[in-house]
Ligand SMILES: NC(=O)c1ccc[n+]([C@@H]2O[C@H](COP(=O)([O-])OP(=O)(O)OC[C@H]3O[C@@H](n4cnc5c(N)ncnc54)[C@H](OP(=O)(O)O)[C@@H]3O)[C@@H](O)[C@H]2O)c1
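So this first bit is one chain, no partners, the form predicted on its own, shown in structure tokens.
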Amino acid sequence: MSENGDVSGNGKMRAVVARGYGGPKVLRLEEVARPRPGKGEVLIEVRAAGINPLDWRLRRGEMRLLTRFKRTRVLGRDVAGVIAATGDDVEGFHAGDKVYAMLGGVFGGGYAEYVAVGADAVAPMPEKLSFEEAAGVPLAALTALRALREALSEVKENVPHACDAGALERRQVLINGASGGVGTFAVQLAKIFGADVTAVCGARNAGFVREIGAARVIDYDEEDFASGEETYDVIFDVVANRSYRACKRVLRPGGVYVTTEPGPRQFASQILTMPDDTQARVVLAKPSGDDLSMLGTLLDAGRLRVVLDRVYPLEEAAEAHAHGEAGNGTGKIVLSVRL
């Protein structure tokens, strides 16, 4: 392998392709064309790929208007691996570097042996993580980070863009859906920021979310946080099963309800609440190598940890989707890619 990468072979690779819409069985392991890095891109030899709820929503056809004209449907927004080659005008990365990235586009393309991605979305992989652990980070952690930043910028001016302890000055933050992929990072990041964190999850995960930073845990089977007496500066509704209207009574003046699940109701709330003393926000994660580098520092320092639920081989992507959709996991589901 030369400095710019010399990928030998027949120009093909294995990838999990979604053939049509439907259940997990529409996912098929096939041989497809291997991508080549363009200007400003790197080619990553994928060693592990993260699975997110977005993937099975795309597979089921919930976003048909965005996907109907896409011919090659390879899912996956999270990858960790080794740079196999670099395109023109790429600086700071070389063949052989261990990296991780959040992929853009509609489908992403991470359930594959290789993927080409813009170098600005890539960051050095945290030294203390395995490929499988690193693949569980990008989309979930970047989503949690951006959602908290957006919400807190409304609650308190000049919230730093680095994770500085004490930035929230003991703000009260509630995470609804605290034991999932995004939720586990949100609990930890809010704690790192200096917030008092209330986690909403099932009883079986109560001890775990306390362990990663929650000061208080609400069992959703026993208590409705939106009907309680406690009030919060930020409600991060990861699972989007409570509306802004339902949560408004437990938001403090100046408080913010934020979700990462877009929909007509959520966007309408964002527009209609602009004059109010409480706010609703819809936030979507974006690829960012800079933010991944910052998160990598926290991961290597042991201040942030990756919670893996299960690891499946690439050829068992359908089984991994079925497990994720059952909704009983804790943390991230990852595919291991072995060439």
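Just so it is clear, the model here is predicted, and its values are computed rather than measured. Counting begins at 1, following the sequence as shown.
The same protein has a further form, the form predicted together with the ligand, not shown here; the description that follows concerns it.
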query: Which one of these stretches, 138-146, 245-253, 86-94, 106-114, sits within 4.5 Å of the ligand in the predicted complex when only heavy atoms are counted?
result: 138-146
message: Quick one: Arg47, Pro124 and Ser288 and the ligand in the predicted complex, is every residue within 4.5 Å by at least one heavy atom?
response: no
Sole residue of Leu314, Leu299, Leu54, Val307 within 4.5 Å of the ligand in the predicted complex, by heavy atom: Leu54
Any non-hydrogen atom of Asn205 within 4.5 angstroms of the ligand in the predicted complex: yes
query: Within a 4.5 Å heavy atom cut-off, is Asn241 in contact with the ligand in the predicted complex?
result: yes
- request: May I ask you to check whether Leu58 falls inside a 4.5 Å heavy atom distance of the ligand in the predicted complex?
  value: no
- prompt: Does Val200 reach the ligand in the predicted complex if we count a contact as any heavy atom within 4.5 Å?
  reply: yes
task: Go through 170-192 residue by residue and record those having a heavy atom within 4.5 Å of the ligand in the predicted complex; state none if no residue qualifies.
output: Asn176, Gly177, Ser179, Gly180, Gly181, Val182, Gly183
